[in-house]
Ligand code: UN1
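Next up is one chain by itself, shown in C-alpha cells, the form predicted on its own.
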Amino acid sequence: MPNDYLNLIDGKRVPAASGRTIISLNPADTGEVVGVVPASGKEDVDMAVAAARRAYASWRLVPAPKRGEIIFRAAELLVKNKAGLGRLVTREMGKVIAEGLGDAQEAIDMAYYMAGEGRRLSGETVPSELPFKDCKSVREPIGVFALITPWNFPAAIPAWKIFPALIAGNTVVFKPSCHTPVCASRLVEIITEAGLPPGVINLVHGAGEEIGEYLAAHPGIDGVSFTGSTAVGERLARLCEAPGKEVSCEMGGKNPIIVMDDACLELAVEGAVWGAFGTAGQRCTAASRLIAHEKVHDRFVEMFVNAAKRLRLGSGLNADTHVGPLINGAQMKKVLGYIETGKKEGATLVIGGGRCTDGALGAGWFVEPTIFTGVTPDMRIAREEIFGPVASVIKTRGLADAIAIANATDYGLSASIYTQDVNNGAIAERDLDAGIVYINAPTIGAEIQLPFGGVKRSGLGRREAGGRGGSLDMFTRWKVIYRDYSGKLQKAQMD
C-alpha cells in the first residue's frame, strides 16, 4: 500500500480541510502508486500563510549564523538520505537514476552553499563625506514567500528557493507540483528534522489551478518565487505587480546549440544527445534546436541520428536506461502533437516520432527520441517550447547567421556553441541573447554558485541560485544606515 503524505502547517502534519486527495503515479509504470497527498484548497493556504506570518516575527531575529547552522544540519541529513531521495525522484518524476541522484545532490550543494552565507550576507561599509559619521548598508529579510515549483527537478528547484529564503530570515509557504508531491514531502521532512522552528516552512499540496494563483496573490504573501511555464509565470508577475510584491519567475526556453564547421563533431554530438534527450527533454534548458554549419551539417546529422538510435528507453531505476518517460499522459499528448505539427510544416522526420508501446514501455508515458531535419527558423517546432525528446536541426551559413537564428525566438534562457576557434567563442558569448552561455558544452549543466535565469520570455524578476546577483538579492532588501556621532547637526553636501 502506498504511503499517505500530509501538508505541513505550523509544524503539524494535517490533511486538506476538504479531505480530498491527489494520487501520484510512477510515469514509467502508471500502475504503481507512489503516494497520496492532500488536494488542498484556499482554507489550507490561509492557515499556512498565517502560520508563516507568526513564525516570521521570531525567525527574522535569529542570528544569520544560527540559521546557517540549521541549514548546515539539513545539508548533512540530505547527504545521509541522498540515495533514498534520488531513487524517489526517479520513481515519481521518471528521470534515470543517475539524474535522480544528481537532483538530490543539487539540493545538497545549495544547502551547504547557503549555510555558509549565514556568516556572510554582507553589505557595504563606506566612508562618509562628513567627520564623525559612518555609513553602511545591510541586508534584511522581506517577509513571507510563496515558493511554487515544477515537477522536473522535484528536489533541486525547491532547494534553490527554500534555503536562500530561510538563510535570509524569511519564512515560506511551499507549493510543489502535484505531479511530484511525494518528493516534496520527503525533502521538507528532511529539512525540518534539522531543527527548524514550527511555521518557518509550511508545505501545502494541491493543483496549481486551484491554489497556485490564490497563494501568489494572497495579501499575507510578501514575495513569490515561481518556476514553470511562461504563460503562468507572466500571469503571476502581473498579479504581483500592483501590490508591489517581490517576484521571480523562471520560465521556458527554446535553447540552441550552434555547431560550427571547426567543431569537434564527436564532442558536439555527445553534447547534443545529452542536451536534447537528457531528462527526456523535460528541462527548461533542454537543447531543442541544433544549428549546424552547412559544411558539417550532413555529417553531424548522420552522427547525431546514429547516437540517438543507441539510446535505451525504460524505467529510470534500470542501470542501462538512457531515457525515461514523460511525466504524464497530458504531456505525452502535447509532445506527440508537436511532432505531427513538425511533419505538417514540412520538416523531415529522420528518427522517432511515436509513442513506445512495446513490452513494459506500454505501461508508461514513453516517447521515442525524435529528430527533425530541414527545419526552418519560422516553423513552430523551431520557435515554441515542446518540453519533450524532440530536436530540430537547422542549417546555417556561418557564425553571424547562426547567432541570428539562435536569437530569433521569444526565449533567451540558455545557448551553446561548439567551436575550436577562440574568436568564434568570444563573439558568441557576447552576442547570444541568453542568460546562460556554454562554450563546447551543451545547454544544460548550470552550477548553483552562479545566478540562473534567462532574458525575454524566459525570466522575469530576480535570478535563481547563486549569491550576490542571484537568490540573496531575491530574498533580501537593502537598508542603508547613517550614524552621526558628532553631537551637532551636519548637512550632507552642504557642510
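Residue indices: 1-based, along the sequence shown. Keep in mind the model is a prediction, meaning the values are calculated, not measured.
Not on display, but discussed next: the form predicted in complex with this ligand.
* Would you kindly say which of Lys245, Arg283, Lys161, Arg289 lies with a heavy atom within 4.5 Å of this ligand in the model of the complex? => Spelling it out, the residue with a heavy atom inside the cut-off is Arg283.
* Asked: Which of Ala446, Leu432, Ala50, Val34 has a heavy atom within 4.5 Å of this ligand in the model of the complex?
  -> Exactly one listed residue reaches within 4.5 Å, namely Ala446.
* Is this ligand close enough to Tyr56, Phe72 and Ile167 in the model of the complex that each of the three has a heavy atom within 4.5 Å of it? -> No, because Tyr56, Phe72 and Ile167 lack any heavy atom that approaches this ligand to within 4.5 Å in the model of the complex.
* Have a look at 330-338, 215-223, 291-299, 146-154 and name the one stretch with heavy atoms inside 4.5 Å of this ligand in the model of the complex. => Heavy atoms within 4.5 Å of this ligand in the model of the complex occur in 146-154.
* Going by a heavy atom distance of 4.5 Å, is Glu106 a contact of this ligand in the model of the complex? -> It does: once this ligand is placed as it appears in the model of the complex, Glu106 has a heavy atom within 4.5 Å of it.
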